[in-house]
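This document starts with one chain, in the form predicted alone, laid out as structure tokens.
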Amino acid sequence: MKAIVIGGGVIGSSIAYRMSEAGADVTLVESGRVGSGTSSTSYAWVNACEKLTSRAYFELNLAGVKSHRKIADEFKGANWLHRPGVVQWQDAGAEAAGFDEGDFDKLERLTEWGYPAERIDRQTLAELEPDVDLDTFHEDGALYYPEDGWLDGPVYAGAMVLAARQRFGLKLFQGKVVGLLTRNGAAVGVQLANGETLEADFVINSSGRWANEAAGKAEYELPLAPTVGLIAYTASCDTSLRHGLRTPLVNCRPDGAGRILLRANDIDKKVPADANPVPSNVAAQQLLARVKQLMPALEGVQVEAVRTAIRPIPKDGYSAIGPHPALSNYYVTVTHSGVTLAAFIGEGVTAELVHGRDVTEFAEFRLTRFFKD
């Protein structure tokens, strides 16, 4: 099988690696550097505990969590998956999980579905994160996910592509895809912005927020509802922060060499799509002020860098994975949960396209739901 994968982010690189491993002749087409798009602008929490509005969506994300652990075990010296645990407090994520407070017990649901989670008190938080001001902490609904963590997206994507090139002959092609080549109702390749074309038996579009641009024609597009995201990084400091923290003030986690990554859902909602990603950005300074309120020991620390991104989200909020109903041999993967799902999507797409096996976890997330009369 000869396949083209569009997009070298965490999902595209996973697919390229697993398909190459399975014996397919794969060309990965990336317009920039591998892992440099949306994959590099994420809090990157690898979890299923925020995906509780649907049991099928929870199981899909749980499969993603397990696949990340599996592939990290396959690589000697894998350095991209960090699992020190994540703490979440205030409403325990009811709103984030899509439920009204008072109508939903998150810990009860997670326990019922077998997800590692426990309620913690102020003393436990103080032991886990001594720099946190306990006056910001609300014990009601405070949860600790001891096996959760985050992914260094660009590092992961780079490792997948390098391994696939060295071990299985993956071809990496730099170029911007602006349309699909079709013949007799089937995808047979891609058209590049410079006029070149590449041909293959299958085309897999994993270009995220750029998926519709890569498709080239309206009949091959998906209904998307992208959102703006902004993350800020502090300068290196002597913080003792070790876990991921999900708080009403700010979401933060270590990001290497003493830096801290910062973001907040409510701030994201006010960030314009053309926000200037510089340390003086108003949103970035708001994040900095909040993290100093959360951890007063950070007084004097400044923002060192800022990144913005347009996050790819299908219109109904759920993942879109599978063959496109309007074109044979054209497969699409677009999801807001890209970091969590990347490794499993790589396995699943390979199972379906190379081995001819339907993946049960993909069943409720097919593209056909967007094309019903």
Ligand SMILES: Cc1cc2nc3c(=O)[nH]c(=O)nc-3n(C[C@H](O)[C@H](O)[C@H](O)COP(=O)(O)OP(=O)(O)OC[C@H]3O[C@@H](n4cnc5c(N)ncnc54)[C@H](O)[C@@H]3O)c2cc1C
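Don't overthink the numbering: it's just position in the shown sequence, from 1. All figures in this text were calculated on a predicted structure; none of them were measured in a lab.
Keep in mind the form predicted in complex with this ligand is missing from the figure; the text below concerns it.
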* To do: Would you check, heavy atoms only and a 4.5 Å threshold, whether Pro226 touches this ligand in the predicted bound form?
  => no
* Given that the partner is absent here, does Ala309 sit within 4.5 Å of this ligand in the predicted bound form, heavy atoms only? -> yes
* Asked: Is there a heavy atom of Ser319 no more than 4.5 Å from a heavy atom of this ligand in the predicted bound form?
  -> no
* Do Arg33 and this ligand share at least one heavy atom pair within 4.5 Å in the predicted bound form? -> yes
* **Heavy atom distance at most 4.5 Å to this ligand in the predicted bound form, all of Gly12, Ser42 and Ala214** => yes
* Spot the stretch among 195-203, 237-245, 168-176, 116-124 with residues whose non-hydrogen atoms come within 4.5 Å of this ligand in the predicted bound form. => 168-176
* Structure fact -> None of Ser337, Ser67, Asn329, Thr27 but one has a heavy atom within 4.5 Å of this ligand in the predicted bound form; the exception is Ser337
* Asked: Across 205-219, which residues bring a heavy atom to within 4.5 Å of this ligand in the predicted bound form?
  -> Ser206, Ser207, Gly208, Trp210, Ala214
